[in-house]
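Only one chain is shown below, in structure tokens, and it's the form predicted alone.
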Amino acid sequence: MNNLNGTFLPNRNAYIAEQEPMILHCHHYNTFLQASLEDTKSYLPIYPILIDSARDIVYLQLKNHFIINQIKTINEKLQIASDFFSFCGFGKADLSKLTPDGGNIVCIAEHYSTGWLDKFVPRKLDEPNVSFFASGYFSGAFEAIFDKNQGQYKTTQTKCITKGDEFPCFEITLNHDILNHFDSPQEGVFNMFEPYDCSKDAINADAIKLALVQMPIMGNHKNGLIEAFGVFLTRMYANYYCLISYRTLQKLKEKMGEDGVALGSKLLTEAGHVCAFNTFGGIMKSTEWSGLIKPMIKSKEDWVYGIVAVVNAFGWGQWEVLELIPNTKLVIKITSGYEANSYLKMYEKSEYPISFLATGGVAGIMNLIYNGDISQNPELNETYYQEIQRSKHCFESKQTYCRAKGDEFDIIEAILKNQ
């Protein structure tokens, strides 16, 4: 598929696939972020945001790919869209029998529905089906494949395993309604950088990043899911997270003013903290961590440096430990973080900090290592998470420098709640 699978750029710590940054995130973040945004459904039109954001990104990416590589046959375009869906860990879907009028899709597996059942209870029958991202993906792909304008296809999920169905199923139809679209910020406003000097650290961060970047992290042939580090991973569109998060935040601000910003910020930061607890925790309990990183570890502080080295292979930008006081404080500097890259292209400047995933993530690192002591191999479940949250040693974080507000880079501090 030529360069659609993406190329890792070490001077940006970014995977770029046809101008779209792709980043590694797991089902805990994907489903918890979606669930958090769904909590706004009583006063915001959240479901179109979840679907249309995926559609708009996929449409532009695949359209560019078809033009650049002079791909003209419909069958080849359908295969590329199907293969990329699986490569990224989104699931496995056969699109080969669909026509310009649409048709039905049966997925052998689909990431959000599988991840939802792993993390939450089944959906109620009167709730919407869970696979909003996949619905948007299929609509955007079809518009690119059949050279339609954005919004000319509508995808409806008709069956969902979270409600007891055997397979996730979708129906694609021509859409005669006029839909608004939101252009993807694509690569955004990014920074180039020189990798920071880690020679003083016990952890060989360069070797860790190189090993992880070269690791074949992709959906398997059976079901198109990525099972690694004890979680279901995806090579997700960075801009999908940013579009659904910032579009929701803007609507909350329009409806509720500063109270809406505060509510949205809290929801999005907590999603980042849940991501850190489960993703970072799963990594630190994994066989990959034991084989590659654990032999370098001599202290709890090395656990911090080790997980930061892993983050730098995930496409999130460059994370650097500026200050680490054991049991007390962690300060992380982020250069060219994907949240700021997207926000600056979408809105140019912010009045408030916007790196919510990173903010929650930095606190999560300290809670895993010094509050919960991941080195003792605890079971990562909801009971353990709540125990950490209630502990007097719980860490919280705040963003003190924000590139979206005009600073040169992002800085996030995690400190004990009671300080």
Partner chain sequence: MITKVKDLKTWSDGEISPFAWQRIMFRHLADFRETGLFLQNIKDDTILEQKILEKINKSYFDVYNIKLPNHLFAN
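All figures in this text were calculated on a predicted structure; none of them were measured in a lab. Positions refer to the first chain, counted from 1.
In what follows, reference is made to the form predicted together with its partner chain, a form of this protein that is not presented.
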Exercise for the section: Determine which one of 264 to 272, 326 to 334, 220 to 228, 181 to 189 lies within 4.5 Å of its partner chain in the model of the complex, judging by heavy atom distances; exactly one does. Expected result: 264 to 272
Exercise for the section: Report the residue, out of S350, S36, N371, N64, that has at least one non-hydrogen atom within 4.5 angstroms of its partner chain in the model of the complex. Expected result: S36
Problem - Single option in D259, D101, D94, D147 placed near its partner chain in the model of the complex, where near means a heavy atom within 4.5 Å - result: D259
Practice task
Tell me, yes or no, whether Q389 is in contact with its partner chain in the model of the complex, where a contact means a heavy atom of each within 4.5 Å.
Solution key: yes
Exercise for the section: Find out whether any non-hydrogen atom of K124 is located within 4.5 angstroms of its partner chain in the model of the complex, and reply yes or no. Expected result: yes
Exercise for the section: Answer yes if any heavy atom of K300 is within 4.5 Å of a heavy atom of its partner chain in the model of the complex; otherwise answer no. Expected result: no
Problem - is_contact(Q376, its partner chain) in the model of the complex, heavy atom dist at most 4.5 Å - result: no
Problem - Output flag, R12, Y15 and N312 jointly within 4.5 Å of its partner chain in the model of the complex, heavy atom basis - result: no
Practice task
Determine the residues of 33 to 57 with a heavy atom within 4.5 Å of its partner chain in the model of the complex and present them in sequence order; the list may be empty.
Solution key: A35, S36, D39, T40, K41, S42, Y43
